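In structure tokens, the next block holds one chain alone, the form predicted alone.
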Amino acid sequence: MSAQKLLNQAQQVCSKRGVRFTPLREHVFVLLANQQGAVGAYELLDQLKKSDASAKPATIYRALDFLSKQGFVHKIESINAFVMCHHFGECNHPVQLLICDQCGYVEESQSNDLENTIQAMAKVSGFQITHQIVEAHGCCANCQ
């Protein structure tokens, strides 16, 4: 899906939720939507500085926090990077990421079996899951 179509969809989601999708947040969203794979906050900051020389790390982190809370992006903890979610209408869906350590490609997948297994393990322990991201590292088909 194109960055513009994703942006239009995100604008609609924000409007329905009654949250402010400021021009800065939209700009960071578009920067992420145009990325192939994951990108770090400082890479995004460098790109943002091309149009807003006064942008600081806090600027990008606040925008990323908003985008993450809205379910538009996922943070990949193991590599401290962010990736666009292309089906963010399902804001609280469990996330499973396949991450290529060679080229940086990230694929988001959905496995109900994995989700059910993790939920069952949590239930046995009396644990309430509020957010789930499973990261699997390896080598994508193109790099093999």
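Residue indices: 1-based, along the sequence shown. In this text, all values refer to a predicted model and were calculated from it rather than measured experimentally. In this text, rigid core is short for the largest set of C-alphas that superpose within 1.5 Å between two forms.
Another form exists, predicted together with another copy of the chain; not displayed. Remarks below refer to it.
Asker: Among 49-57, 75-83, 33-41, 62-70, which stretch has residues with heavy atoms no more than 4.5 Å from another copy of the chain in the predicted complex?
Answerer: Selected range: 75-83.
Asker: Might Cys140 be said to contact another copy of the chain in the predicted complex, defining contact as any heavy atom within 4.5 Å?
Answerer: Answer yes; at least one heavy atom of Cys140 falls within 4.5 Å of another copy of the chain in the predicted complex.
Asker: Quick one: is Leu45 in contact with another copy of the chain in the predicted complex, heavy atoms, 4.5 Å cut-off?
Answerer: Taking the distances in the predicted complex, the answer for Leu45 is no, it never comes within 4.5 Å of another copy of the chain.
Asker: In the predicted complex, does Ile133 come within 4.5 Å of another copy of the chain, counting heavy atoms only?
Answerer: Yes, contact at 4.5 Å.
Asker: Quick one: does Pro23 come within 4.5 Å of another copy of the chain in the predicted complex, counting heavy atoms only?
Answerer: No.
Asker: Is any part of 106-127 within 4.5 angstroms of another copy of the chain in the predicted complex by a non-hydrogen atom, and which residues would that be?
Answerer: Those in contact are Glu107, Ser109, Ser111, Asp113, Leu114, Thr117, Ile118, Met121, Ala122, Ser125, Gly126, Phe127.
Asker: Is the C-alpha displacement of Gly126 equal to or greater than 2 Å between the shown form and the other one once the rigid core has been superposed?
Answerer: True for Gly126: a C-alpha shift of 2 Å or more.
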